[in-house]
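Below you'll find only one chain, the form predicted on its own, shown as structure tokens.
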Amino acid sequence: MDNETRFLTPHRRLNLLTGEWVLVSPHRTARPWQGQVEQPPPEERPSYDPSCYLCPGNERAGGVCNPDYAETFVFDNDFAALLPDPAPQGGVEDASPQSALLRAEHERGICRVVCFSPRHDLTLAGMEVEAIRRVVDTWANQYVELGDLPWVRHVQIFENRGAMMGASNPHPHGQIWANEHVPNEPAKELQQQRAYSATHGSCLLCDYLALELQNGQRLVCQNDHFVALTPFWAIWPFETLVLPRAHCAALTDLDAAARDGLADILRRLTRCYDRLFQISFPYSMGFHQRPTDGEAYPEWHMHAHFYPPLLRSATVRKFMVGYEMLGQPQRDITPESAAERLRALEVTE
């Protein structure tokens, strides 16, 4: 059975970055849907919303007024999930010293918000490359600033786009969380990249990207510095992976031309998403970069994940429930067919 035929029947694929399997069931794409139907958010928004706590000059929930910013704007999250305070005496580590079954550790961190633009009505897809480049520079500067703190080991840059992905405000913004410890997902990726390098003497994602460029089936868009593709092991229906062509471990490794290339690929990819179902496409997106403890991490290859929830239309989403929560991730449409649909919507300008 050749690969094309094999991929039309139920099969599982190995995620090289996590070491975990995903079940692919292409024959389920024809199943009827009588489940939850989402209501697409209204597309028309003003360029300035006086009730928005992220717009320039407006008051945030904590009482602080935003400056009249003209480009990007960064501030400490008023409702941070992590706090920078050291572990207190008698903290969680001492909560149950008699049992190895009840383990807890203090976790320090800093949470920040990055407003991409002063305009309330924009998204990355609607911004010019020059404006996205300023966002890229802001991300890189924050990675350095937070990563230079002696107790920070990991800086997670991410964006939740759209109410469907939990965004509490439509103003174009993302977040940055700096952790005392490396979180679960990048820790798994570090282990896999390190094991591959030890076995093969090369970079896992460099080798994988070379294979994808040769194959071509899962490519979505590309330029001289970056490639966006649907990974072979994708879990979400229209999941994509953004990879630099040259080996690098962090945004700070990118020169000016490569940063321009990243801004360009982000704009092109998000525009493909918006054209797919003719809506402002929801997603969670984030960069995985080397830990910030001062070690070299030569095996680490920087990349960005895009996880969009929509399945077959603007109103039908993919749910991770049942088998996915109790067994393993499962998807219906193949990554190859998802890439083909996204690639067909690319318009270079």
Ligand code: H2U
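The first residue of the shown sequence is 1; numbering continues from there. Bear in mind that the values here come from a model prediction, so they are computed numbers and not experimental data.
Here the subject shifts to the form predicted in complex with ligand H2U, a form of this protein not shown in this document.
- None of I132, L146, V242, V113 but one reaches within 4.5 angstroms of ligand H2U in the model of the complex through a heavy atom, and that residue is V113.
- In terms of contact with ligand H2U in the model of the complex, the residue from Y208, F75, Y196, F277 that brings a heavy atom within 4.5 Å is F75.
- Residue contact check for V321: none of its heavy atoms lie within 4.5 Å of ligand H2U in the model of the complex.
- Residue contact with ligand H2U in the model of the complex: A296 places no heavy atom within 4.5 Å of it.
- Taking non-hydrogen atoms only, G166 approaches ligand H2U to within 4.5 angstroms in the model of the complex.
- None of the heavy atoms of R317 is located within 4.5 Å of ligand H2U in the model of the complex.
- In short, of 170-178, 211-219, 245-253, 229-237 it is 170-178 that has heavy atoms within 4.5 Å of ligand H2U in the model of the complex.
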